[in-house]
Structure formats: structure tokens, C-alpha cells
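Given as C-alpha cells, the chain that follows is alone and in the form predicted alone.
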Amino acid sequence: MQPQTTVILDNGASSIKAGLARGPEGDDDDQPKGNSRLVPNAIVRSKGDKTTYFGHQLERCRDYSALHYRLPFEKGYLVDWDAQKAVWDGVFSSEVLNVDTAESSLLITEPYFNLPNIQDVYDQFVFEEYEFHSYHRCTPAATIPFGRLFQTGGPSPPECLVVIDSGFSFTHVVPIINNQIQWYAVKRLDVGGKLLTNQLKELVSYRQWNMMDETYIMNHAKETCCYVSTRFFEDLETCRSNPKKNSIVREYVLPNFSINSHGRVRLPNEELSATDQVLHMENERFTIPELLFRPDDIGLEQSGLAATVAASISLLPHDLRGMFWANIGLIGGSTNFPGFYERLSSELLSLTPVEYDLQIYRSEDAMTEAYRSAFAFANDPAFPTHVVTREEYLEVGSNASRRKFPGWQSSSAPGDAEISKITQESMTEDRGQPSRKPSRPRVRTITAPGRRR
């Protein structure tokens, strides 16, 4: 018998989005609001109050200066299982979800191109350490067709879509056909939120204050001050001509934890006290997020995000490419920068073949979009057919998961052989076809509706 409660863990490298789904009869709007929690996926040691915080306990910290992070994820993969277990123990405890794992099912996300040995450890922790009744493991993009990101124009998502997942470690471009990820066309850009924060720390430490140990503060400064420029060279010239007084510069007031004052952007005409320290954010505001579109600025020999999307779609069957260009969705915290959507739309429009329409979908909260889609998947009546039970695992081990969760290493997923053949034929046809240049359609913009608050 399938448990009535499903634990949902969008297990990101920076934060865990956790919650409970009560089955198809649950309230799809109220439950995510009532049960979801955003938990830092780290063990943090504060030099200020000499205290160690595990995951959700970080909200109790009062001195965020010089925090030392121990992250379970390294370069996008889960490698420190002791740290991860400490964070998960807190998530399942009465302080967060208050769930009996033995009487619950689990839906957990994993990194793209996860290694088979690491996947086996996932199975061991789920069934041997926590003794879950059953579980399903998938990537964040695999849950998106079940959510509402692409359902603005109709009751069901499109058959062909592209998900751009810009997270903490990397940015992935993931094409999906009929809820199946087309792994041969998935592309990875080695730029994520962690790299952007580290780059900002280095710039600020070189130009103003030494902030190399202030990861928490600089990450907050990045999220509140940075934006993606749609006219990069003009903004760069504006900052060069008048560095201290221009329309771009912002003053970030550093936190003062002795009086429990957090960092903030200085408001116009705001009076500062004698103890306030100010960080002047000039061209750092837009040169840091620019790395998503120009990774070669720091020596990464990779194309920018728009060219990566175009390269991914070019590997897909020719007859379906128009559907992919018309169904591009944005998820992940790094897509929340102001101007990101406008810049990506502008660059993609110049790369879109003239016979296709371009349409980009975005969520009101891209960071939790994968969680909300996973919640909808867990409430789907067909969800029990996608899980591996503890009995199956005890009988055949991780082979049960390999059969149930076909991943990137699977050589013959349903339809892959036919799709690959069509792709090769279409690539041959493209070389001999003359280019057609009808008038370009207008780009259409869609914002996914938010849930009731």
C-alpha cells in the first residue's frame, strides 16, 4: 500500500526546498505554502558566536561575519555524505517536517549526469539509513512538465520543451520530449551562483574591502545589487566616465552585527551613522552576471548561454526544433537577476531561425519552481507507478533503481534510437537546404501564474 505522505526534497547544492504532499486529494495551492521550507544545505561555523549550525539552524545565527561553510556538494556532485546526513536529519526532525520516514514515500532531486556510484549511495541512505517505504529520484528539470510553468497557454504542457536550469554549481540546458530528457542534447555551462559570488568577492577585495571570508554577506550583496545589462558597453562607459556619481552606482551598507543590523542597499537621501561601512557597487553590478553570457571573460572556453541553447536545439530532430524554440522555460536562482530574461530574449532572437517563433516562459519564483513541479508530480495519481519500494530494493539492490529511473547512462531509452536516426538525417538535409528568410515573428513573453498566497 502506497503511503499517504510523500516527502519532497529539491536537494540543491546551496539550499534544500523541502515539503510534504498528502496525496491527490490534498489542496494543491495551500499545501506548498504551509509545508515547504527553504533550508541551507550546509554545516556552518560562525566565528562570531563560536557556534556550529546544521542546515535549518542557520536562521538562529545572529553574527554572519566570517562564516565557514562545509558543503555536501562539491563541483555539482554530492560527495560529503556525513554533512548531508546531518542536514537531512534536521529536515526530517520535528523542527522542520516532523515526518516518520518509515511510513512515507520520498521524491528527491539529483544532479544532472549524476555518477552511478553516487546514485547507489542515494539508494543506501534512503532505504537503509532512513528506511523510507518507497522513493523516486530524478533531476529538477524532469519534474517541470508536471508543474505549471508551461501550462499558461493550455491545460497540459507541450510535448517538446527546453528547460534552462541555472543553479548554484552549473547552468544546464535540458531538452525534453514527452517527459523524457534527451540526454544526448543536454548542455552544461560551468557558471553558476557559486562562481558568481566568488568572482564578486575577488573583485571587491581587490578594489575596496577584504571580503574573501565573507561569503554570506557577498552573496546577499550579489542578490540585492547585481543585474544583467542589456547594453553592456554603454553601462561600462557610464561607469568609466564618472566612477563615483552615475545612475548605476549603488551603496551597499555592510551589516553591523553588534547591533543586529543586516546588510542593505542605501536608500536615496538616507542618513548613515558614524559606524556604518559602505561598499560602493559600480560596474560589479553588471559585470558579474555577464559571465553567464560571456564566460570567456574569465578564461572559460565555453559559449555563452544563448549560444549554448542554440547548440542544444540544433542536435534535436529537425521537424521538432520549432516546438523547442517556442517552449523555453527558466528555473534556478541565477535566472532571478533583473534583466536576465530581457537579455536572454534579445540574444536568442538573433539566433532563432527565421521560420520559427521564440517564446520564453518564466516563473515568479524560479528558485522554487522545481519544488512546486515536484509537488504536483507527487500528487499525480500515476506517481506510485514511478517509485521503487523498499521491498524491491532489499530483493535486488540498486538494480531496481536503475531499471525504474533510466538516466543519462542508459543506452536505449524508449525512442532514443529513432530520435538519433532522425537527427542524423536532418543534419544531412540541413547542409543541402537553401536558407529561407520570411519575415521574423515577434518574440512572445509568458510569465507563469503564481500560486495563491
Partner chain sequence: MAPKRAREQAPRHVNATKQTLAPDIITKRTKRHLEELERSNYTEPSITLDDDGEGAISGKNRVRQIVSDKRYLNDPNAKKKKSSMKVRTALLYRKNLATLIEESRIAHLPCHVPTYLTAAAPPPHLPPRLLCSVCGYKGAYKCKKCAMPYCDMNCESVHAETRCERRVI
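All values derive from a computational prediction rather than experimental measurement. Residue numbers count along the first chain shown, from 1.
A second form of this protein, the form predicted in complex with the partner chain, is not displayed here; the remarks below concern that form.
From the list 250-258, 208-216, 159-167, 322-330, the contact stretch for the partner chain in the predicted complex under a 4.5 Å heavy atom rule is 208-216. The partner chain in the predicted complex comes within 4.5 Å of a heavy atom belonging to W81. Not displayed here, the partner chain is kept clear of D380 by more than 4.5 Å at the level of heavy atoms in the predicted complex. In the predicted complex, the partner chain stays beyond 4.5 Å of every heavy atom belonging to F340. Among heavy atoms of G147, none comes within 4.5 Å of the partner chain in the predicted complex. Contact with the partner chain in the predicted complex holds for all three of K85, E128 and N283, each having a heavy atom within 4.5 Å. This chain is drawn without the partner chain; in the predicted complex, the residue among R362, H133, H220, K194 with a heavy atom within 4.5 Å of it is K194. The contact residue chosen from D276, D357, D297, E103 relative to the partner chain in the predicted complex is D297, the criterion being a non-hydrogen atom within 4.5 angstroms.
In the predicted complex, the partner chain lies within 4.5 angstroms of at least one heavy atom of each of the following residues of 39-69: I43, R45, T52, F54, Q57, L67, H68, Y69, in sequence order.
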